[in-house]
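Shown below, as structure tokens, is a lone chain in the form predicted alone; questions about how it binds or moves come after it.
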């Protein structure tokens, strides 16, 4: 009879062999994480580490973060500004561990954050380069600034009709609406809400759908605002999507974004007009209308000042004309010692009109002299 051993004895041997082979060793590996199950209360995370080549899975292994290394996940989310979730490619330090009940696991000790950040930035730069290359007439890069068809659209003098893309019952929705409705100048705005999920794996597709609805609505919106609430800054990846960024860059209404804070800038921000937060977007709309009102007041003041100045100038010219007319009157001429010669009550200004034996009336200040011409000679002096 063949010698038998217990399963546990065999697994003990496997465990001893693995422990002997890998005792004290750690390895850096690159893999894609899947089936992520975080247990924040217990500070544990279970997941699968997978490797792919040409779209085919070539290897996988169970991985686990124990409590003493759970802070690696927290640091990852804090630094990369994205959720630690399925589909992310990471480089991590692991230790091999085998248990006869739980099988083979890789204890994850450390995540290489520099690699993750580099991967995200590389993807982002590739998307930006593609946008410029495939849309050379409408998306251009000048001195580090992206000029697009959208962010070069002229803004209306007054902003009245706003299309708002945001998540329902979110901080972004509340902050924007509160700033718009309670503005200190008491301006009235018409805000049409297009509510959708703003973050998550399919957020870019949902936001794109809302933009298409706005374009097809036949509403002549002055501006479009895309806002998300503060607090959670863990996932801005949807706003780095190529198709969404391209749509924003070509959109027919000016788009303003308030989807992050000072340290965050998405590709969509670069294609539109970035204002960082929902409150700042709303404040900009209010202030633009305030600037227009001030310009109207200034124009009104300038117009009144100009009219007043013109009236004063005209009044002065009229008074000058009156003085000239008064000084040029026949009586004024007589008062200055001059005489007026008339023939048959017609004032004579040309001596040629005076003939020999003409009967003249010479008007002086206080008298009229009647005379007859007996001779005319030239005044040589």
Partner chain sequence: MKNELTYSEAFSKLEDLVEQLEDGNIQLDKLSTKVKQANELIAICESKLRSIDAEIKVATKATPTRQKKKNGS
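We call the rigid core the largest set of C-alpha positions that still match within 1.5 Å between the two forms. Quick caveat, the model's predicted, so the values are computed rather than measured. Positions refer to the first chain, counted from 1.
What comes next is about the form predicted together with the partner chain, which does not appear here.
Using a 4.5 angstroms heavy atom cutoff to the partner chain in the predicted complex, all of 294, 304 and 315 count as contacting. Proximity of residue 311 to the partner chain in the predicted complex falls within the 4.5 Å heavy atom cutoff.
Contact check for residue 337: every heavy atom lies farther than 4.5 Å from the partner chain in the predicted complex. Although the partner is absent here, residue 243 lies well away from the partner chain in the predicted complex, with no heavy atom inside 4.5 Å. The partner chain is not shown here, and in the predicted complex it never comes within 4.5 Å of any heavy atom of residue 351. Picking from 28-36, 43-51, 61-69, 324-332 the stretch near the partner chain in the predicted complex, with a 4.5 Å limit on heavy atoms, gives 324-332. This chain lacks the partner; the member of 185, 152, 99, 137 within 4.5 angstroms of the partner chain in the predicted complex by a non-hydrogen atom is 185. Contact with the partner chain in the predicted complex, judged by any heavy atom within 4.5 Å, is made by just one of 215, 74, 123, 287: 287.
Using a 4.5 Å cut-off on any heavy atom, the residues of 345-368 that reach the partner chain in the predicted complex are, in sequence order, 345, 346, 347, 349, 363. Relative to the superposed rigid core, the position of the CA of residue 342 differs between the shown form and the other one by 2 Å or more. When the rigid core is held fixed, the Cα atom of residue 332 travels 2 angstroms or more between the shown form and the other one.
After superposing the rigid core, the Cα of residue 37 is displaced by less than 2 Å between the shown form and the other one.
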